[in-house]
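Take a look at this one chain, the form predicted on its own, written out in C-alpha cells.
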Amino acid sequence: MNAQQQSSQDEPIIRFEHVSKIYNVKGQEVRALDDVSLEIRRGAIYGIIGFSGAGKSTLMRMVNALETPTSGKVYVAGEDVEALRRRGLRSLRKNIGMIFQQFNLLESKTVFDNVAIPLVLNHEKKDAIKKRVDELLEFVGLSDRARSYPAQLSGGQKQRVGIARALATKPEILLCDEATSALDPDTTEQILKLLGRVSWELGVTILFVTHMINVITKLCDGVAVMEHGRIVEQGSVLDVFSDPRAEITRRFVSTVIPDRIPDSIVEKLKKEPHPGTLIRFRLRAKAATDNMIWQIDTGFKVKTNVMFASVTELQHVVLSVIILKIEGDPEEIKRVTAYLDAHEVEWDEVKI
C-alpha cells in the first residue's frame, strides 16, 4: 500500500465539522444542531444516543444529504457533501444504505421484489438482480421467504428484508435510524447480531441512531451522546459508559450499569450517628483481579463494609461498580483515596 492509499484508509469515512442546523418554525428559530464536530472511522460501528429531540436523526440525515447544514461542513469518503452536484450526489447515495424503524417495505411487492428495488432503479440486468437478491436473502436468512409478502412476515423478518434491501448496491455505509425500536428484546438481539456480521464480514461502516443504551453497548464500538443539539460526550463505548461525566450520560448508563445504593439502605445509613465515608469506585477486569478491598482492609487502619456492588460486561470487558463504606480516622481515609489514585482507580465520594 502506498502513502496515498494509506492516507485514504486512515481518513475518517464520515466527518462533521462545526455543523449547525437552524429551522424556522412559525417565525421562531429552532436550533436542531449546535456546532457538532465528530469523526467516524472507516469500518466502525458507531452509535449516536439521545432522547427524542436531541438532534441525532437530523445529524444522521446530513450524511446522505436528506438534510443540509445551516453552517459547517459534512464530509463523506473525503467529499464535501454540500458541494456535490446532482450526479455526484446520486453516486454518494448509492454508496449509503439506510434502514428504518418502521421497515418501509412495499406491501404490494414480494420480499424478492422489495430487496430488488435499488437494483431495478439502477437499471441492472435481470440475471444480475436475481444473483444479488438471492445472495442477500441467504445472508439475512430469508431464502425461503423470497415469494412471501410483508404482511406474512414477523417484525424481525421485515427488518431483515430492510437490511438486505439496504445492502443491495454494496454500500460502504449503512445508516440505521432507530432500527430496533419496534422490535421485542429477543428479535432485537438477533438483528444486532446480523448487523455485526454486516460490519465484520462485509466491511460496512454502520452509523446507528437510537435512544436505547442496550443497543449501543451490545453493538457499537464508539458512541456520541447528544442533548439539545450538542454532543456532550464521545469516545469508545467502554470509556464513555464506564466513567460517564455528563448528567444525561449517567442517566442512560444507570439503566444498564447500576451504581446507586438502594433507597432502603440509604435510609438506614442516614440514621447512623457516624455513617462513615462512602466511596464508589469502578474496576475493569484487570484491576478487579488485584482484590482492591482486601488491599484496603489489610493495608490501612480502617473498617470497610460493602454497601453496593454490581458486575457488568461491557464490550467484552468486565466492569465492577462497588460502593464501600469506610470508617476510620479522616487522615487514614485520605491515605486510602491516595492509594486509589496511585493505582489509577476511578472513584468518587457518594453523598447521602
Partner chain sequence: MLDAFFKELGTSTSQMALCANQTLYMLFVSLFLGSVIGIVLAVALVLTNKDGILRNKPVFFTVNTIINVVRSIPFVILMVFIMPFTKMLVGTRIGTTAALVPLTVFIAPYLARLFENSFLDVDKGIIEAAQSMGASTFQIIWHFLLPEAKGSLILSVTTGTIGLLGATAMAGAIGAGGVGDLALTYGYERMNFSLMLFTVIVLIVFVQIIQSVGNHFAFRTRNR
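All values derive from a computational prediction rather than experimental measurement. Positions refer to the first chain, counted from 1.
This next part talks about the form predicted together with its partner chain, which is not shown.
Proximity to its partner chain in the predicted bound form holds for none of G276, Q295 and A338, with the criterion being a heavy atom within 4.5 Å. Shown without its partner, this chain lists F112, F100, Y75, F139 as candidates; in the predicted bound form, only F100 has a non-hydrogen atom within 4.5 angstroms of its partner chain. The single contact residue among S143, S154, N104, S181, judged by any heavy atom lying within 4.5 Å of its partner chain in the predicted bound form, is N104.
At the 4.5 Å threshold, heavy atoms of N64 reach its partner chain in the predicted bound form. Looking at S71, you'd find every heavy atom of it more than 4.5 angstroms from its partner chain in the predicted bound form. Using a 4.5 Å cutoff between non-hydrogen atoms, F281 does not count as a contact of its partner chain in the predicted bound form. Taking the partner from the other structure, its partner chain in the predicted bound form has no heavy atom within 4.5 Å of any heavy atom of V81. Partner proximity in the predicted bound form, defined as non-hydrogen atoms within 4.5 angstroms of its partner chain, places exactly one of 266-274, 215-223, 191-199, 92-100 at the interface: 92-100. Applying a 4.5 Å heavy atom cutoff to its partner chain in the predicted bound form picks out N104, L105, L106, E107, S108, K109, I117, P118, V120, L121, H123 from 102-134, in order along the sequence. In the predicted bound form, the separation between the C-alpha atoms of R85 and E67 shrinks by 3 Å or more relative to the displayed form. Compared with the form shown here, the C-alpha atoms of G88 and E79 sit at least 3 Å farther apart in the predicted bound form.
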